[in-house]
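What follows are structure tokens for two forms of the same protein chain, given separately as structure 1 and structure 2.
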Structure 1
Amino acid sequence: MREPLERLCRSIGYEFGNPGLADTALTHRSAGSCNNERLEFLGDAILGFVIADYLFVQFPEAAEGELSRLRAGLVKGDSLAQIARQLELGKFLNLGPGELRSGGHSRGSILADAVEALFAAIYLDGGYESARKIILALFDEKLSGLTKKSQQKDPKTRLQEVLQAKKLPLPVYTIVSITGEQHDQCFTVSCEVADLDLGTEGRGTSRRKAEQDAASQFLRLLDNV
């Protein structure tokens, strides 16, 4: 039995002017033609922008590669499904008979899509500021965790820890090239791990920064393996 949406709205902290939008956001395609697929498209874009904007401001020292990596970790399906589970979103979903029988209420991909669609519904109902506030509130725990983690450890340290945890050899950093004038050089450094057939290249104005960039990209690569 599907629970009434009021409870979900209370736990999100948003009241819909047009509750039909929330209803569509929670309707899986298995339940009918008026479903959340289009809203999910829009919600994914809002989420991507809100998170990019937040990271850009919060991490003024992070290179583009590090920002992309951080965002990818935040907006991936697993993270969204986790937020959906905290909201007990499964109880509010509108699913077709097949999905109902096969446990669609707790399927990660269905939950993640519904969360994104819900962001779009809030945007359409209350405007960009409302959507931004609620996205940041729902991501609050993950974002604060990120800030703490990044304050504590740089990418090279994190990569070393990840590799040690996997019982892999330490990465080897090699200077590939140094270009530019004396006062404004650009270092390119490669990062390789012997037992993995993977390598990245980082760039920066010092050898250290280029190594951090290469390590950051390596971490990103490992996230996607």
Structure 2
Amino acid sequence: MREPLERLCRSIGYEFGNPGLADTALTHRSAGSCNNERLEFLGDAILGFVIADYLFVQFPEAAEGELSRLRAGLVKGDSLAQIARQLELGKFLNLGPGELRSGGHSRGSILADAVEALFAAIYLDGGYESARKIILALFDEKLSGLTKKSQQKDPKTRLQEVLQAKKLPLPVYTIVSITGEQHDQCFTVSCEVADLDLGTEGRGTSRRKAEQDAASQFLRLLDNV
């Protein structure tokens, strides 16, 4: 096993019987045809089940919608990228020349995909219980102190529900500008509602995040109307 991979294994507390699986999990598609895309697919499903099972047991009174929001908040890309950065996973990735030049080692989507692929590699190497143990250990901080209210509805959903309750039209989101390099973009999005003389602008590293920011600001405006 190559030394960098040994360091990663020590940090997650797992030793691969088949190191090739770990190498594949850490190989981005830009580096060749033998990459982590299939493992990412499997890892996403394994992670979703492990977290769903944990939440089902921990919150026996929670409704399906509450459980779904809790799970979505835990397994989203930002959450996985955060775990990857804590593991310094970027140092171990195998990227093609283009991704190396554009800073792929620190890109959230690449890091999140690698984490999911790594979970699949552990599952294939050591079985479900091994994967479950590692997943719960890495998510321990996020799971500790979790309550049913930990993941409220996102701002866009809340704004839509507020407007529907007031029998007002749904909000319209429009991209105002996109700035920065392709791997480090900043989106500015406006949020407007017909029949209301109100408007906000939100910013984020993706269109979705900018829309959520704009919706959050719009909700604050409505509170003051």
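One-based numbering along structure 1's sequence throughout. Take the two forms, superpose them, and find the largest set of C-alpha atoms that agree within 1.5 Å; that set is the rigid core. Being a predicted model, the structure only gives us computed values, none of them experimental.
S.K.: Tell me which of the two structures is the form predicted in complex with another copy of the chain, please.
M.R.: Structure 1, not 2.
S.K.: Against the rigid core, is the Cα displacement of Ala215 between structure 1 and structure 2 at least 2 Å?
M.R.: Yes, the C-alpha moves 2 Å or more.
S.K.: When you overlay the rigid core, is the Cα of Thr205 off by 2 Å or more between structure 1 and structure 2?
M.R.: Indeed, Thr205 is displaced by 2 Å or more.
S.K.: Having superposed the rigid core, state how many Å the Cα of Val172 shifts between structure 1 and structure 2.
M.R.: It moves 22.0 Å at the C-alpha.
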